[in-house]
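In the form predicted alone, a lone chain appears below as structure tokens.
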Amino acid sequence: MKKKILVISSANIDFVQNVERLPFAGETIIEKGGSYAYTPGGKGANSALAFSKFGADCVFVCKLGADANGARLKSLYKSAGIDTRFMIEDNEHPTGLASIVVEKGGKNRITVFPGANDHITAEDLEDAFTCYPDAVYLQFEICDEAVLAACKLASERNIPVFVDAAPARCDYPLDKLGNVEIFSPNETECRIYTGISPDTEESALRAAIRLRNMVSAKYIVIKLGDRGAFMFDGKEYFVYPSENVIPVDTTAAGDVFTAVMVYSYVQNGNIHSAIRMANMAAAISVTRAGASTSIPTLKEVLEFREKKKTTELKIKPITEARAKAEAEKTADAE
């Protein structure tokens, strides 16, 4: 049965620039081998599209400017099967814009101009809860007032809340979020919130414990980029290695990871399989350029998983045979 997920977050137009390298201060580079494009983006929109592609019944609440970018985005969301009934048009502020610079190797740097995203109010959200969602999904690219109001409305209705904790601020009122099912920052965000860089298992555990003291969360899931993910449930911690792929563009990989993790968790309640599924989805996304354009479908992730199983089955007998041969060789030598 389809689960209904209410996403309350941001929507942007992304100005994506693919470059060999960034210029130094005062330097001008003529980028002959690069490219640029305007594409749909925003952490909320990326997540809503991921939920929709995976088969969830996704209701998306965001605030768009009364401009061409806003009209284009709303049309795109509708065509993707997202419920846009509760989107708000802002006549005073433009649609949000993100400037994304992608260097050779896939690393990105992002500057966001919030525009209308920063002006969602508590009053804008109440009607959206009449859709009776199974889960509420939030990020921090909208104003604090809207995030905290959404948490309160969800709590009053006993609806689980999931938080992709980005972007981060050291003064964010995390203690006011209330009960959260999954709270998920990436490495940088984790360091901003806790002052601890999750570079090792030991430091990731210390950071997760500190986060759990700051947020009333059932699970803390730290996204570790190409190192995979770390989960702490208050008693035990688990490490989930990333998939081995060659990255092209890491933009939106975190959005894809968290959305797919939440989708899978809401479907079956298993945090471990949810994180493994999210790792595979993120791995596919980094092999593609762009934000919304990099999001895989459920079918693609399932095919990736089957291919991985087939590969592992082929490798295992070879490994076992080699180990046996080595053991026999050692025994003969003795």
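Numbering starts at 1 and runs along the sequence shown. Since we're looking at a predicted model, the values are computed, not measured.
Beyond what is shown, the protein has a form predicted together with ligand RIB; the following relates to that form.
S.K.: Any idea which of 230-238, 98-106, 193-201, 217-225 reaches within 4.5 Å of ligand RIB in the model of the complex, heavy atoms considered?
M.R.: One stretch meets the cut-off, namely 98-106.
S.K.: Please tell me whether any heavy atom belonging to residue 153 falls inside 4.5 Å of a heavy atom of ligand RIB, as the geometry stands in the model of the complex.
M.R.: Judged by the heavy-atom cut-off of 4.5 Å, residue 153 is well away from ligand RIB in the model of the complex.
S.K.: Could you tell me if residue 141 has a non-hydrogen atom within 4.5 Å of ligand RIB in the model of the complex?
M.R.: Because a heavy atom of residue 141 falls inside 4.5 Å of ligand RIB in the model of the complex, the answer is yes.
S.K.: Taking 4.5 angstroms as the cut-off for heavy atoms, does residue 245 touch ligand RIB in the model of the complex?
M.R.: No, residue 245 stays farther than 4.5 Å from ligand RIB in the model of the complex.
S.K.: Within 4.5 Å, heavy atoms only: does residue 251 come near ligand RIB in the model of the complex?
M.R.: Close contact exists here: in the model of the complex, residue 251 approaches ligand RIB to within 4.5 Å, heavy atoms only.
S.K.: I need to confirm a contact call. Of 291, 278, 64, 50, which residue comes within 4.5 Å of ligand RIB in the model of the complex, counting heavy atoms only?
M.R.: Flagged contact: 291.
S.K.: Taking 4.5 Å between heavy atoms as the contact cutoff, choose which of 112, 88, 159, 168 touches ligand RIB in the model of the complex.
M.R.: Checked against the cut-off, the match is 112.
S.K.: Would you give me the residues of 43-70 that have any heavy atom within 4.5 Å of ligand RIB in the model of the complex, in order from first to last?
M.R.: 43, 46, in sequence order.
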